[in-house]
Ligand SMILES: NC(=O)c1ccc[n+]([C@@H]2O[C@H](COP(=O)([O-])OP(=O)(O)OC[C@H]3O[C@@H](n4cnc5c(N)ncnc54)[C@H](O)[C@@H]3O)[C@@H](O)[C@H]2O)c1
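Shown next as structure tokens: one chain only, the form predicted on its own.
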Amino acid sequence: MGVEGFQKVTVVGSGLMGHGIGQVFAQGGYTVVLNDLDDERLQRAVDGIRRNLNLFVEGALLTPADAANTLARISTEADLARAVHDADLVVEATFEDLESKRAVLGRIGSLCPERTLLASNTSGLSVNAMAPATGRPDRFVVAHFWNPPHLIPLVEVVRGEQTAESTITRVVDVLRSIGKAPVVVQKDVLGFVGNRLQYALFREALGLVQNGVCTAEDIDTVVKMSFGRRLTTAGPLETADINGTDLFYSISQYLFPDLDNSSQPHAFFKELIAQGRTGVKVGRGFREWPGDRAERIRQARDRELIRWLKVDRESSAE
């Protein structure tokens, strides 16, 4: 069920994040317009949405009729002025560069109605650095959808210094209406909440590998086969409460001083990049990626995320 008075969402930028964001709003019953630089990009976006919806049908999350109705709610428009002229919400999902986003948000703010709410889907850029460019800082937030946006429930809604409380309430209500789990980030911090936690783990992982404690493969096995599984049902602070905050305090006294506190990327990480080991796209990074191994992992990930969406649906129905 949608939010009263809220009908149309425009997504500016139709790449991996943009078309996934458009899909979830369309699944939630809203009229969606995808905007990008040209029709070729927009056609790729629609094709991507169609593949995603087929995955949902195969996973019994949608019926074929639901998928068809979702696609019917989505249109494309390469002209920005026409795409945003009557939008209730515009989500900017363009390249992750502050000045580029400021320029795009400035154009959007000058073209859409005064009532329109604006959101930037950024992984960690400052909401306060972007807000002035919109011309409506009181009606602007960051809405950080997690990748893949059609499968991950969390959206971090980041409040700017001038964001009106009514804007926060409205955006949170709309996100909840499409089945998302919004969390309001009350202060403008780089990386927001999720990426700060994720990169704290990443930094410690780099330190352990660099110091010869274990291999990159060992790191991934430890996370996937231990607390990674537990974290799907009990977060880190819930876990501390369950096991005893006094126990966690005791361990923290000797472990915190020994944890990695590097303020710059590790030397071996820099060397990895210098060697051209940039990941799946070149076939090697921290680990080797022969054949279709990466695609098999992506497919397994998506199947597991769909399973969790089913669990969420069943829990909400109880």
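Here the structure is a predicted model, which means the values were calculated and not measured. From 1 onward, residues are counted along the sequence shown.
There is another form of the same protein, the form predicted together with the named molecule; it is not shown, and what comes next is about it.
- Proximity of residue 177 to the named molecule in the model of the complex: non-hydrogen atoms within 4.5 Å are absent; the residue sits far from the partner.
- The named molecule is not drawn, but in the model of the complex it has a heavy atom within 4.5 Å of residue 16.
- Although the partner is absent from this view, residue 134 stays clear of the named molecule in the model of the complex, with no non-hydrogen atom inside 4.5 angstroms.
- The shortest heavy atom separation between residue 12 and the named molecule in the model of the complex is within 4.5 Å.
- Only one of 243, 147, 198, 232 comes within 4.5 Å of the named molecule in the model of the complex through a heavy atom, and that residue is 147.
- No member of the trio 31, 70 and 88 reaches the named molecule in the model of the complex with any non-hydrogen atom inside 4.5 Å.
- Comparing 198-206, 94-102, 233-241, 111-119 against the named molecule in the model of the complex, the single stretch with non-hydrogen atoms within 4.5 angstroms of it is 94-102.
- Residues of 206-235 that come within 4.5 Å of the named molecule in the model of the complex, judged by any heavy atom, do not exist; none qualify.
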